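Here you'll find one protein chain in two forms, each presented separately as structure tokens under the names structure 1 and structure 2.
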Structure 1
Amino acid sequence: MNRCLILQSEVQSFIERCMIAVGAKPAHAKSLADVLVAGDYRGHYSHGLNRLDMYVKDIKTKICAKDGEPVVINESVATALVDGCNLLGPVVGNFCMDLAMKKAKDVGIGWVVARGSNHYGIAGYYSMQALKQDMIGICLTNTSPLVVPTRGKECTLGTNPISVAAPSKDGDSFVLDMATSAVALGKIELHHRRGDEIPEGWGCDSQGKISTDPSKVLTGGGLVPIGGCEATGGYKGYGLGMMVEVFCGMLAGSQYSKHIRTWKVTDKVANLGQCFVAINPENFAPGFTDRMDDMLSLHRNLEPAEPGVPVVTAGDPERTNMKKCDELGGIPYHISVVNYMNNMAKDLGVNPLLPTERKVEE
């Protein structure tokens, strides 16, 4: 595949100029750019620059608010309910995570729930903010229905991700950032484009039957929860997806489950529910990072089932991707993404993305 390399700072700046061009406040544009660049840098291209047109459209069509700041509407020393005021997801996310961390510094934990929010990129971006203050971060969000519950045939739950980040020694960490569906929609789309079958246990057809045909999953079918079909434990993934709703839509009083607008249809406001938690290990047993270090090392040093395919821990694949980007000196993007973005730039009247001269072969 033909990819070209772009400096992180240039991706950041490009996202900011596009968002400012459609009327976003510079600080809000920066918040969005931060999380989209982090998504790409970590290798989650489905949640990075690739989705910029969605955010541009959200501000341009005014379906997402460009002015204002989130508001605390109910608060204790350890909890808060925040109205995201229909602002960009990252603006709401940063506000809530900062608040959660402040509370955790004071009383050991901060549990903050937001209503009136929007898509916010990778959940891991927010949970990882806690690492900077040597705390554990948790972040959950509900999303548009794409997942069919066990025994059903209709999509009623989003991919409802769970992210938990916990600090270890010397900047090392555990970073879980996973959808509660078996795989992301993007993986099914990729197989479809290539004309490949998908493994059993990724999705189902419109009758709720597990299917290996990506076109059936994409037209009328849906993703299945982690665990696949009922016999292999799919009901657990279904339960986890609904658990995310308990902490998001239920506590927040936002939209939830199948009441959330259809994916990619932006005819009404999203009003997503999100949950942000910070926990201070200092309120519990001393030696937290020593134990984390031992647990992570213990797993990374296990003898692998297949020689040369090492056991890793959550966050390691992303770490490898970031290292690759650092060595390359930028983030590699497919040329078609760059072309798409530069067409958008032309429409918005902003300077195009400037790729470095080097091409990357993969």
Structure 2
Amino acid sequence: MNRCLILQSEVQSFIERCMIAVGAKPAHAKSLADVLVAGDYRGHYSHGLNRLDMYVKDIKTKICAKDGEPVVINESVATALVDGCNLLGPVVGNFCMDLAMKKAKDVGIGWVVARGSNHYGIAGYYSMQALKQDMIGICLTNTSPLVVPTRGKECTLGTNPISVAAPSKDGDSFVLDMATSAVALGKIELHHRRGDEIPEGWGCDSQGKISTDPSKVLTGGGLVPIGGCEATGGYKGYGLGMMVEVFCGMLAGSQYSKHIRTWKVTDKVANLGQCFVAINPENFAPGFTDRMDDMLSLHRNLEPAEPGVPVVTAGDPERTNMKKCDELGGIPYHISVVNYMNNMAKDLGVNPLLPTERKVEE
């Protein structure tokens, strides 16, 4: 019994209280809580409550701004460059995605890039906002250098996630949300915190050699691109990671690659570059959602290679996790993560703490 059940409302209010305790504006604290809870609800535990201490530290040390709002500094009918003013990533992300969707509604597409931003949670949170308006959403961000490029042994790229969300019929959708590294760093951290080995192909040691020891990856090593080593196509993930930099760091004029601050080291502002795109299918061929429905059904109805293990499409595993949470009545968290965050909250004088009495069987 290593997990406990916590209501979404309990996690939401806990995150908000912790952020307000270190000086964040209530509206900004809510924006952060919304995306972190959404991450956990969808099963992306590496980008939910597990990340709260990082945001608390950023505000507490004043390396991330707590006052102000994002500002548009260059704009056309379809594009915009935004200064995130070093605010919390979700505050910048919501502002930019709203602007992209407004432009897409007016002219068919909105392409907004931001500089001066910070870590913003799961990329899919922003791309999925477009689904509410029957649009396609795309979101990308650069991050601190955590990934070792193919043939290298130094971290020069971030996990640089890509998310694409496309609407289908009756509320169905395609939601791709992926790091361009084999996994997100949070997954390595969770295994390390639990004392577990990581699968081969997730990370490498300080010499660029694939390792299953999370401590070697976290101290001197790094993540590897999607595909792992060169022989198994890691150079493709390496290329995708650089592509994200083209749309983020290069277009936004933010920091990029190894120039971004070291992960969790708050010696300078992050100044991340991020890209938010909204596309209105109505400006293209008619029947978009019908074709999406057919394509999703085509793949979901394929005969599986292994009986009882159905073929799924991007977003299906998250839907399964959300259904499980709904049936349980809350989100199951690993007790070690909850205890860690409760200890942090005690130091901040936050009360009440997250409850741990509702045990969930593994």
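Just so we're on the same page, rigid core means the largest C-alpha set that superposes within 1.5 Å between forms. Residue numbering: sequential along structure 1, first residue numbered 1. It should be emphasised that the depicted structure is a prediction, and the values quoted were computed from it without experimental measurement.
Annotation: structure 1 represents the form predicted together with another copy of the chain, while structure 2 represents the other form. Residue displacement note: residue 129 has its CA displaced by under 2 Å between structure 1 and structure 2 (rigid core superposed).
In a rigid-core overlay of the protein, residue 255 has its C-alpha displaced by under 2 Å between structure 1 and structure 2. Residue 77 shows a C-alpha shift below 2 Å between structure 1 and structure 2 [criterion: core-superposed Cα displacement of 2 Å]. For residue 232, the Cα shift between structure 1 and structure 2 is 2.9 Å when the rigid core is held fixed in the overlay.
For residue 214, the Cα deviation between structure 1 and structure 2 after core superposition amounts to 4.6 Å.
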